[in-house]
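Here you get one chain, nothing else, as structure tokens; it is the form predicted on its own.
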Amino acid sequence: MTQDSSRSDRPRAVNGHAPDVFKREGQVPMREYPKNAPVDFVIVGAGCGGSVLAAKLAEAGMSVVLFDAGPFFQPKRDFASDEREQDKLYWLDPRISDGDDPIELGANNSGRAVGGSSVHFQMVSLRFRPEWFKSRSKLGYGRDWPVDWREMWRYYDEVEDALKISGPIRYPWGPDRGRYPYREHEVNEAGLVLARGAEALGVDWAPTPLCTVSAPRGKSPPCAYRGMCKIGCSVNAKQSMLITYVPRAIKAGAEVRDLAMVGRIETGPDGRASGVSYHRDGEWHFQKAANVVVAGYSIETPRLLLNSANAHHPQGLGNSNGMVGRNLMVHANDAVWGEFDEEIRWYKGPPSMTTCEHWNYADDDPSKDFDGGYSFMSQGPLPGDFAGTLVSSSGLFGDDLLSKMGRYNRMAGLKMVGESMPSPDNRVTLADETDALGLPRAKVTHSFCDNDKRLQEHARGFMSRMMRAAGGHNLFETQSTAHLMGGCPMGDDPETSVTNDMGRSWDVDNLWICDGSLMPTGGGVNPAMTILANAARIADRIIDARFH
């Protein structure tokens, strides 16, 4: 997609080579497939879902072309220690956001690069609570997943090992999960604020399991604690999809097409998917495929399915029941900030080095007046990001803003990841307005329900108590959202879900989905590891179905 000329570039994965992500310059060999012969799988989106699937299918011997609308970056050359320069990592093309509680999009909730949002995520690597996979049956709210937690647990093990997650020897919540592949990172001062407050209130805390290595791994050096994680890791300590599963996919024979915006999934006379139409290097092309997988995440996946409507599928592909785009979810991301007498220098190290999941497991606490749960983490926002938070949440400006930012090195914060309930009225549809390629823009409608608001109020109150217990003063709160989930939920019932348990469309048997849009519920933790584990599981199910 070339809407933003300041970020436009020519494709780099061309002529049988892809960028070498471990060097400033240089390339690695990459197989290329002809457009007019069907490949086994076209995968649209090279983020957490698509990259894992591409690697595992290619390693099983299948022909795979992996598309992404964003550039193929080389971190050592392309990633700067400059917040504004790194805006190039985000999906900034306009979308329409409405509802009672419109979702902030752009840099807040999506990525636009090979590797997807894993290139700029904060690396928090948590697992779902087991009961959340059957939250309707076991906890009385939300929707059940069509997957048993023990199966997911095995795939958490697989992806945590693949990414060498660095975490504590003992994690206080949930079933025993054994040792993380790499040792935990040393906690910074901002993390110790959470630890001090948790101990004062009598609840557990833990060093956050993180997707950045604490010791050398192959061509990745250990984390240097620069604190620039959220704008791309230029030292390659972060184990993003860009430097893990994407190279695996290429080595196994997959082709990556960067800066390639897929506009439609085409179907044949039988109504089955025949390939994709995509825009690259100034022209529209068509790639034949035996199977098409959509992995564009919770906005672009329903947008593509809806925009692929035709005579066979007048409501869009996979949408005969009208469920595509519905049950979109976000996490409440409210925060409490405060000042401390001592220097914190919270920007040093990964942004969220300690976590507390107490309220994901405290079902019987008498103060709990909501369904679902929330976790929260210590914070380390970069200066530009934090100044923006102050302006948008408090209206500070001029000398008042300068004065507040003068306390930057003595501040700390706690920020929640709060579950919200799936609702069919929270949805992605197509707007009348079109983008530079003539494709309808996504329209995102979102409102919080009363339960969501009670959960958020509870979290802000508890985090405030913890900040005071840790010695914080001059506290203030901000409200925001993070993470997108749902939009194309999987399930057991073709009337109320978009796919079955392996991401296969109920309507089109060679159309698949593999990303966070499949999630029927969002839980109270960051979704990256769940998306990765589910993608690894789906890959094995596809491989088993094909070869056995």
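For every residue, the number given is its place in the sequence shown, counted from 1. The structure displayed is predicted, hence computed values, not measured ones.
Omitted from view is the form predicted in complex with a small molecule, to which the following refers.
Asks: Quick check: do Arg112, Val124 and His483 each get a heavy atom within 4.5 Å of the small molecule in the model of the complex?
Replies: Verified in the model of the complex; spot residues all in contact, yes.
Asks: Partner absent here, but in the model of the complex, which of 54 to 62, 508 to 516, 495 to 503, 22 to 30 has residues with a heavy atom within 4.5 Å of the small molecule?
Replies: Looking at the other structure, the answer is 508 to 516.
Asks: Please tell me which of Val147, Ala289, Met261, Met411 lies within 4.5 Å of the small molecule in the model of the complex, judged by heavy atoms.
Replies: Here the answer is residue option Met261.
Asks: Which listed residue (Ser378, Ser420, Ser118, Ser135) meets the criterion of a heavy atom within 4.5 Å of the small molecule in the model of the complex?
Replies: By the 4.5 Å criterion, the partner-contacting residue is Ser118.
Asks: If we define contact as a non-hydrogen atom of the residue within 4.5 angstroms of the partner, is Gly523 a contact of the small molecule in the model of the complex?
Replies: Although the small molecule is absent here, Gly523 would stay clear of it in the model of the complex, with no heavy atoms inside 4.5 Å.
Asks: How about Ala536: is it within 4.5 Å of the small molecule in the model of the complex, going by heavy atoms?
Replies: Output for Ala536 is no: heavy atoms all beyond 4.5 Å of the small molecule.
Asks: So in the model of the complex, does Ala107 come within 4.5 Å of the small molecule, heavy atom to heavy atom?
Replies: Within the cut-off, so yes.
Asks: Evaluate Gly296 for contact with the small molecule in the model of the complex, applying a 4.5 angstroms cut-off between non-hydrogen atoms, and reply yes or no.
Replies: The answer is yes: Gly296 has a heavy atom within 4.5 Å of the small molecule.
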